[in-house]
Ligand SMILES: Nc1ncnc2c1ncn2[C@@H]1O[C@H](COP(=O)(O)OP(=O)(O)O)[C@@H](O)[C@H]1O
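One chain follows as structure tokens, the form predicted alone.
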Amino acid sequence: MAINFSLYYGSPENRDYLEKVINSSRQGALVEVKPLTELPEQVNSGTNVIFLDYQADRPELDQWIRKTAADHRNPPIFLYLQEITTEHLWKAMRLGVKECFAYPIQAEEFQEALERLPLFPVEPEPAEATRLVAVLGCKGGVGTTFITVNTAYLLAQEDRGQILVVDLDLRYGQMAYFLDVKPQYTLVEVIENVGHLDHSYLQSLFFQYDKNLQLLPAPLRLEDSEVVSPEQLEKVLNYLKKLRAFRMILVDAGHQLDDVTFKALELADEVVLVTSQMIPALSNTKKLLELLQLLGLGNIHLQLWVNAWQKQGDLTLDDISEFLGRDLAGAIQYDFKEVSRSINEGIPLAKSAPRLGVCRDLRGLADSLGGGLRKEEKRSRRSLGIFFWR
């Protein structure tokens, strides 16, 4: 596998020499060549090694090396010096440098340094197309985040690929609390680095909740929500779909139908619209369905789910379907005590109490989005069971 270098040089002569050294190795490949005067704030995300033509009379260079080496997301640093002394080696060690070289660099010495490098993450092989599902609430408080988190968790447990859940409730997103995690990065960092996206860099920004479930939280501060534009969101979501590193991306679209949310709905392969048994929620749902029609999204694949469903409530499922003028995909039963405990503890209910009726209903939603066993798998397992029974 190629080892990608970013080379920063002090003189044209040293640039030419170091380029020759890198290109003559069995694995080295240049992805960026710039003078030391153009050291970047953000290292090229396709870089595996930073190679610096070191100049001792530049204290700002030491500061850059120390800062870059301190960030675990950045690649290791190689230094090229006019001569190597004990003082140089101690200084390089304190700065966090990986390797030091002096002229002339022996081919064997350089190759041994490459072999000492850590293994780089391998980009995933092309997989099935990533499906994008947007979960939209008809109003606040209908349980959009609860449904998104638990459905994503159930899909991830099938062990059929990575699931990414994105909190697009930009002003009030609280998905991190539902999972009791404190991610270091949010959607803001992805948007700000939209021009440097690749699989390795994205992996460092997403929060890995468990083996197959990753989280991209909403901005932490209200003012940061202004950073996210429909155009930038489109770039990010399209890139993630083309990458095919995820089996499915679930977007918690909140309940505000603004330009950003509309863009997510426009890009989605499927939309789950969440309502409740209450008249205000149903009224909002009807208006929302009409609005989607007016905005040109009337033909999107949309599932309509009733959350916090109570069998003894005033309105039956048939009443709701008749009022909205369309069939319901399903209902998730009401269990205030268990749902509240799950949210307050920050543990998905599908994880802490999977046998509850609520979780069986959520399993039905996950299956409708492509979860569960494929028909062929079900058929083969059933045949296998009959065989052993006989």
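Just so it is clear, the model here is predicted, and its values are computed rather than measured. Sequential numbering from 1, following the sequence displayed.
The same protein has a further form, the form predicted together with the named molecule, not shown here; the description that follows concerns it.
- A single residue from the set A308, L237, L95, V190 has any heavy atom within 4.5 angstroms of the named molecule in the predicted complex; that residue is A308.
- Interface residue among A218, L304, V142, L164 relative to the named molecule in the predicted complex, by the heavy atom within 4.5 Å criterion: V142.
- You can rule out all but one of 172-180, 240-248, 106-114, 227-235: in the predicted complex, only 172-180 has residues with a heavy atom within 4.5 Å of the named molecule.
- The closest non-hydrogen atom of D335 lies within 4.5 Å of the named molecule in the predicted complex.
- Within 4.5 Å of any heavy atom of the named molecule in the predicted complex lies no heavy atom of L52.
- When contacts are judged by a 4.5 Å heavy atom cut-off, F146 counts as touching the named molecule in the predicted complex.
- The named molecule in the predicted complex comes within 4.5 Å of no heavy atom belonging to V33.
- Shown without its partner, the chain has no residue in segment 62-89 with a non-hydrogen atom within 4.5 angstroms of the named molecule in the predicted complex.
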